Ligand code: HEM
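Consider the single chain below, provided in structure tokens and representing the form predicted alone.
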Amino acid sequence: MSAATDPHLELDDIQAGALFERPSPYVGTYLMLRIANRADGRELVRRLHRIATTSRVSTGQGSTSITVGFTYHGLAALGVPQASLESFAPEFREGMAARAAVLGDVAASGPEHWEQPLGSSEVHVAIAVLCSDTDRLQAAAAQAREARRELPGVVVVWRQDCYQLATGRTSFGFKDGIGQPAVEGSGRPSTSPRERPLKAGEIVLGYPDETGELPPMPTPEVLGRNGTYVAFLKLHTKVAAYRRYLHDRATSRAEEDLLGAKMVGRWQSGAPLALAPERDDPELGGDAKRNNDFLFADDPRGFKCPLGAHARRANPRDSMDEVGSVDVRLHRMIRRGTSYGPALPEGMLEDDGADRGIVFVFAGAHLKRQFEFVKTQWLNDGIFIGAPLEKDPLVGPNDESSGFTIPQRPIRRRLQDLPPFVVTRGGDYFFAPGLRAMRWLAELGT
């Protein structure tokens, strides 16, 4: 069996952030850099390779995760041959800003409103540093500064700090980090006993995917193998608008919580509506062995969890088995969400002007049929759930014509005039290469 088809995962060559959970709790920093001088850029990669290799502490208390990715423009700036550049996925070569209209990032979420220089040809390298405490973050930041020392041809062009909110939840108030798929060969068990691990080729290049085939891989093999594509998004959350929307349509705090749960598909504690449809169950929500142990096929009309709820759209599980033409496993991917900005004080219904939200990172071997498919076909469109005028109620590009249907007896409830609660502030596509590929990039031209 050739190296290209060997199903054994080469874990010592795969960057930690591609497969393993971030620390919890966490503090972190995302850095974007521009390479103005090729020699300095290659020296930076050489130093980052050393840091990434020596920092491969996967997860757990006291852990540090450092992940490095490159845009198409970044690989070109390093001098990757044109034939190799053209072997990358078309979506990666185009970049996220060029595909914004396809992805539904228009109006306030359009690239013309993005934070500069996100989405532009000025972003070449992304470094994500996530640590379990500030001391380790400072140590990792010192390593990053050392990597750039005496390299005037490498410039930091953007930075975003992040941290886990004291509640352990997102800015909208919901428990975070539930429902990740397991990857075959990673050694990490699935969070759902009802979902078998994904084939490694769904996430990491160089291995068979769910179709039994090898995903298209950049060339030469040393560059593509053990790498993964990454979609990076900075999402501003309009928390006050979200709270006001629920407040104005409910007669009590309990009803507000229920409406929010119906839109998300889970209670704020993390308890899924599929298992706790009537009231929150914090014990269930906090139990990692149970809060992802459910399916949707026994709720075909969405009386427990609405068909258009965010969690059900993002991962329909078995609810599409009857359709036959859609294999949900072909659209699964790794999702990493980190919070930024201060929490809006409890009970506040007016915007305080602070920038807060979520940095979302999606990793997978197929940008188009994973990230782009889920965003365009499942989150931004309602056709697949039989509601063509509905979008994802929490993260969809909603407008004054948008609504959300909550099935209930005897008459369903229809929420109208659903505004956008999430605004894209920027993003791009990156390639997180394997560690051998990073060494290859550093030695180009030598």
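On a predicted model such as this, the values are computed, not experimentally measured, just so you know. A residue's number is simply how far along the shown sequence it sits, counting from 1.
What comes next is about the form predicted together with protoporphyrin IX containing FE (HEM), which does not appear here.
Among the residues Y207, F172, F232, F92, the one placing a heavy atom within 4.5 Å of protoporphyrin IX containing FE (HEM) in the predicted bound form is F172. None of L48, L394, I66, M32 but one reaches within 4.5 angstroms of protoporphyrin IX containing FE (HEM) in the predicted bound form through a heavy atom, and that residue is L394. Here the marked residues R243, L259 and L349 all miss protoporphyrin IX containing FE (HEM) in the predicted bound form; none has a heavy atom within 4.5 angstroms. Although the partner is absent from this view, D176 contacts protoporphyrin IX containing FE (HEM) in the predicted bound form, with a non-hydrogen atom inside 4.5 angstroms. Shown alone here, F88 lies farther than 4.5 Å from protoporphyrin IX containing FE (HEM) in the predicted bound form, counting heavy atoms only.
At the 4.5 Å threshold, heavy atoms of A77 stay clear of protoporphyrin IX containing FE (HEM) in the predicted bound form, well away from it.
In the predicted bound form, protoporphyrin IX containing FE (HEM) stays beyond 4.5 Å of every heavy atom belonging to A365. Heavy atoms within 4.5 Å of protoporphyrin IX containing FE (HEM) in the predicted bound form are found in one stretch of 300-308, 332-340, 248-256, 139-147, which is 332-340.
Residues from 372-389 that approach protoporphyrin IX containing FE (HEM) in the predicted bound form with a non-hydrogen atom closer than or equal to 4.5 Å are V374, K375, L379, in the order they occur in the chain.
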